[in-house]
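Two forms, one chain: they're shown below as C-alpha cells, one block per form, named structure 1 and structure 2.
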Structure 1
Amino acid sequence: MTALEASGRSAAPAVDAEASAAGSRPVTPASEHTRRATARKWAEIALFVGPAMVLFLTFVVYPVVSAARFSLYKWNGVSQFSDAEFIGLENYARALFGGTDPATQQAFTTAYSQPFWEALSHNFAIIFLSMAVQLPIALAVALTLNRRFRGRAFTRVVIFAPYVLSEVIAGTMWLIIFDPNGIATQLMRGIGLDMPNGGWFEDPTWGFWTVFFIITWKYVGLAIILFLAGLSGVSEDLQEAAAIDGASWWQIQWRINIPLIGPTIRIWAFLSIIGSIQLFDMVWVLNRGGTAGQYSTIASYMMEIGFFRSDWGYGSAIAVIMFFLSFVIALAYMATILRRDNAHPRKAR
C-alpha cells in the first residue's frame, strides 16, 4: 500500500505526465485536460494494483519483516511482545553454534544447535538424493516413454497423479502402509527379510530412507511429466538427421534429446532444490519429523520450536535462516546455471 499510494499521490506522476504530455510540443505547463487525464490514469492504476498490493504487503511482506524482528528477541508468543527481552543475535548463535544458558552457565548445544544442524543436513541430503536418484529415474522413464505405444496417455496420467494429492493425505496413506504390522512389513517378510530394526520410520538410519522413498513416490511424476513436455518440443528433424547419419537410439538420447531438454532439467532442479529446503507438510505428517528427529527438516524443526515449544524468537531465527538459505541458493543458481538459459528468452506463451 505504501509504495503505491506514495507514488500515486506524490508529485512524481505530475512530472511524469508533463514529460509525456509535452511530447513534441514545446514545454509548457500541462493543460487542464491532460492533467485530468493523468490523474485519472493514476487513479485507475491504483484501483487495479491497489487491492493486490495491500494484500501482499499486509499478509506477506509484513509477516516476513516481523519474523526478522522477532528473531532478535526472547519471546514465548503469549505475553505482550513489548515485554519481550531483546537479545540481539543470540537466537542465531544458538542455532549455529549452540551457546550457554545465561542463568545456569550450562551449555545447551544438544538442545539447540545439534537438532538444527541435523535438520539442515536432512534438507541437504534430500537435495543431493533428488539429483542423484530422482533425476536419473525420471530421465530414464521419460526417455523410454517418449515414443508411441498403446496406453501412453493413460500411463502419463497415472504417473503424474501423486503430484496433485496433498502431501498430508499421501503421507497418511504411507503411514498405514509402513505400519510395523502393515503391508510393507508383511511383503518384506514374504521375501525373507524384515522391517528395519526400530520400525520403518523410527530406525535411525532407515527412517530417513523411508521418507525419501515416499517423497520420491510423490514427486518423481512431476519430473517425468516436465521432461516429457520438454521432449515433445525437440525437433524431429534433428533426430531424423542423426538417424540418417546412423546414430543409435542411445546416441540420439545422449547427443540430442538430453542436451536439448537441458533447460527443462535445470528448471526442475531449481524447483526441486527450493522445495527440498522448504519441505514441511510431508515430514510433519510422518510423526513430526520422526520420533527423534530422524528426518526432521528446518521447517519442521522451526514449527516444533516456535509453535509447540513456544520459543518464538528462536523459531523466527530459524525461519530467517531458512529464508536466507533459499534466497542465496536461488540467486546463486540463477546467476550461474540458469543464466545461460535466459540469455535467449523464449517467447511468452
Structure 2
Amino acid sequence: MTALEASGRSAAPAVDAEASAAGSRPVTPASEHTRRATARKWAEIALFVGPAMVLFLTFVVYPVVSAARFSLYKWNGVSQFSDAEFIGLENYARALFGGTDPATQQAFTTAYSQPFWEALSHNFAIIFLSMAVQLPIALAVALTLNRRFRGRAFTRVVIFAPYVLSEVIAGTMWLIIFDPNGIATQLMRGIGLDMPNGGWFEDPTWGFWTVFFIITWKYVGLAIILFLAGLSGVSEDLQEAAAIDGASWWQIQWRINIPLIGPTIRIWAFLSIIGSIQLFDMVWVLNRGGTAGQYSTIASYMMEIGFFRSDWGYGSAIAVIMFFLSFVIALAYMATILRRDNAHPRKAR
C-alpha cells in the first residue's frame, strides 16, 4: 500500500464525520426580526392600499358589473328586478343596428340606433375639435404667458378661473347670456344681425358650435396651466444659448420649448380624449343635449333614455359601451402614444 492510499484511507473517516455533523445541524429558520419586518410591510400595504381598494371595488367595479348585468334585461328600473325579462344582447343590438327582430328593426333604428350614433359622432367631433382648436389656443396662450410681464400671475388666475367654476354654475350663466333677450343676442342685433332661428342652442347648425364654444371656454384653462407647468421645467440656459446663436423668439418656441413639453401635451391630449367621451355635466345643463339631440353625447343620451324614459336595461347597455370605448381608447393611447414617455421619460420628446 502506497503512502497516497494510506493518506486517502485515513482522510475518509474525517470527511464522513464532518459531513454527518453538517447534516445533523438543524436548518436555521427565518429570524424573528425578518418575520416582523415582513408582517409590518404587509400591514402597511393593507393600511394604505386597503381603503383605496375598497372604494375602487365599491364605486367602480361593482357599478360596472351591475350595469353589465342590467344590460342583459328589459327593465324599467321601477319594478322588482326579479320580474325583469332576460333578453341577452338585444339592448346592444338596438344601440348598434336597431335590434335583431326584422319586424321592429326599422322602428328601433329610428328610436334607438340613430340617436346613439349621433351622440357618438358628437363625442368624436368634440375630440377632433379639441385637438384642432383648443390645443393651438392653449399652446399660444401658454407660450405668451411664459414671458415675464407685469400682471402675469393675475392673468393666469383669470384664465384658469372658468375651470374652477362648477359645470352647473357655468352652464346656467351661459344660458342667461345666450337667452333670446340675453347679452349675446343684444350684441348680434347691435351689429345688424339676428340670432339663429330657434335660438342659440336649438338651431340645428349653431347649437353644436355654441356648446363647443362654451366647452372650450370652460376647459381650455386646464390645458394652459398644464403647459405652463411644463414650460417652467425648461431650462432658461437653453433659450438664452439659442438667442445668442441668433434664434428668434418663434424659433426658440418651435425648436426648444414645444418639443420639451411634448410629454405634457400628450398627457393633456389623453385627459381631453377621455373627458370628451365621458362629457355630461355641461351638455346636460345646456338643455339636456338639445330637444332634437343637436349636441347630445353618449352620457347625456344614456341619462335621457335610462332615467327619463325608464329603460334601465338599455341605458345600462349604453353605459357599458361607453366604459368599453373609454377603456379601449385609453389602452391604445397608452400603448402607442404614452409608451415612449413611460419607458424613457428623460428622452421623450
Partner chain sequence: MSVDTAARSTAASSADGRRRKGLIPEGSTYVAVGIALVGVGLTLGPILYLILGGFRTQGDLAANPTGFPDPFMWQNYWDILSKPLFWRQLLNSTLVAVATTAGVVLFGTMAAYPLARYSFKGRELVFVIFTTGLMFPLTVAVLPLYLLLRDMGISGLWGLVIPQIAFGLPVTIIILRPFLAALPKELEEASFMDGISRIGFFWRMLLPLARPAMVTVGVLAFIGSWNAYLLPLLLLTGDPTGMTLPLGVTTFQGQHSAATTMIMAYTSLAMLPALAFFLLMERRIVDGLTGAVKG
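Fair warning: this is a prediction, and the values are worked out from it, not measured in the lab. Numbers given to residues start at 1 and step along the sequence of structure 1. Think of the rigid core as the biggest set of C-alphas that the two forms share within 1.5 Å after superposition.
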Pair member that is the form predicted together with its partner chain: 1
Selected hinge residue, from L145, G293, V64, E202, for two rigid parts turning between structures 1 and 2: V64
Hinge rotation between structures 1 and 2 - smaller rigid part turning relative to the larger, in degrees: 13
Cα displacement of T58 between structures 1 and 2, core-superposed (Å): 2.9
